[in-house]
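Only one chain comes next, encoded as structure tokens, the form predicted on its own.
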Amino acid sequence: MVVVGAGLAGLACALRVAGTGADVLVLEAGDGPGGRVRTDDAGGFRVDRGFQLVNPAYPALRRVLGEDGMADLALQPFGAGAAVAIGGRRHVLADPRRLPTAALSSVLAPLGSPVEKAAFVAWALGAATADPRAVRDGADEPLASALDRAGVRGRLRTGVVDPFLAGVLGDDEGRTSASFARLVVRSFVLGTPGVPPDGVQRLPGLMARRLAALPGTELRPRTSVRAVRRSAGGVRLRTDDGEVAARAVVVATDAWTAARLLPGLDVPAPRGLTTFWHEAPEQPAARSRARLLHLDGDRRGPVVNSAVMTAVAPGYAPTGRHLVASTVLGADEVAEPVVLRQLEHVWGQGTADWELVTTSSVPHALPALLPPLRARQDPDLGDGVYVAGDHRDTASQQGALTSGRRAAGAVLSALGLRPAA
């Protein structure tokens, strides 16, 4: 079998198939595994390709890595809450179960009325306690209308809920599937996201090393696939290095590459994100807020969130230096001075002496999942061709991993092999 793409979906697929003893070749256009889940070196700073978190509550993550792999991932958790800038002050809203010291400040913060706060808590807890299959397969609507119906309105909505979800969904218009948003909120309630100590690339790196240890496997980087052609007795791939033949091929790329390789494939529109990475000369947040996501409750600019990465994982920067990641929606150019002016408000200090490390612009960061949610799409396109990726499930690491494993199951069934657990 051949897998096109060594992102999370492709690696998850390859691992499951190779676990049965079948031969697997993974073709990757980039210089290594990971897809978007990569970390680059920028003058000694560890810079992910956009602000990314890993949530240990994702069931597929533990299923793919196992307990030993989760331990090797060594997630460094963010704080279970957010610091919201309103006027000249920053207010902490947090999960009292995991950050009890912030319970009183969360209640007293001038971010919506008690009724609005109670409505949001009820909506979030409802998402956390609902059967995820029922959420995934049930009635759907745009997120904005779902929040309206739940009574999540006012200052809490505009200053906290909307910017937080905008950073996660890549959407500040509330058009995203409410079912998908509820699944996202469920994962945040059930788990505390974090980052590996040396960047998110550790996740696909662990998967690739596990794959390399299995007999009959090969991951071939810097190999772009130009065309996928069905033929008698199998599938043929045209690459820069010649043709490759296989009984089955899984296209596990991003949605738009998959659409190019598989004409007629229905894919969602892309959503872009841009992250500005700055070095701050001093830690910009008080110790109690250092590991929290910071939001602009006054919405004074394009930044939807900002975080001190080195407060969570010091290995993101050389010893004693401070790396701040700030994200805006879209991949269009945003002037850095605009971002820095807003960050002065977010962090409550001047940013004139902050140095830009780099900018991560990802035009195809996320597929736009509009209602109705179409999760668990059939990977089998017929004639030995299969497709996987977060665009075939949910726009998340959970969706990518699950889709890859689902495609592997379909391939193994077609080849008459016993699927691995």
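Residue indices: 1-based, along the sequence shown. In this text, all values refer to a predicted model and were calculated from it rather than measured experimentally.
Not on display, but discussed next: the form predicted together with a small molecule.
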Checklist entry - Would S224 sit within 4.5 Å of the small molecule in the predicted complex, counting heavy atoms only? => result yes
Checklist entry - Taking heavy atoms only, is Y58 within 4.5 angstroms of the small molecule in the predicted complex? => result yes
Item to check | the small molecule contact at G384 in the predicted complex, heavy atom, 4.5 Å | outcome: no
Item to check | Heavy atom of L27 within 4.5 Å of the small molecule in the predicted complex | outcome: yes
Next on the checklist: Can you tell me which of 66-74, 365-373, 39-47, 348-356 lies within 4.5 Å of the small molecule in the predicted complex, counting heavy atoms only?
Outcome noted: 365-373
Checklist entry - Honest question, do G5, G34 and T257 all end up within 4.5 Å of the small molecule in the predicted complex by heavy atom distance? => result yes
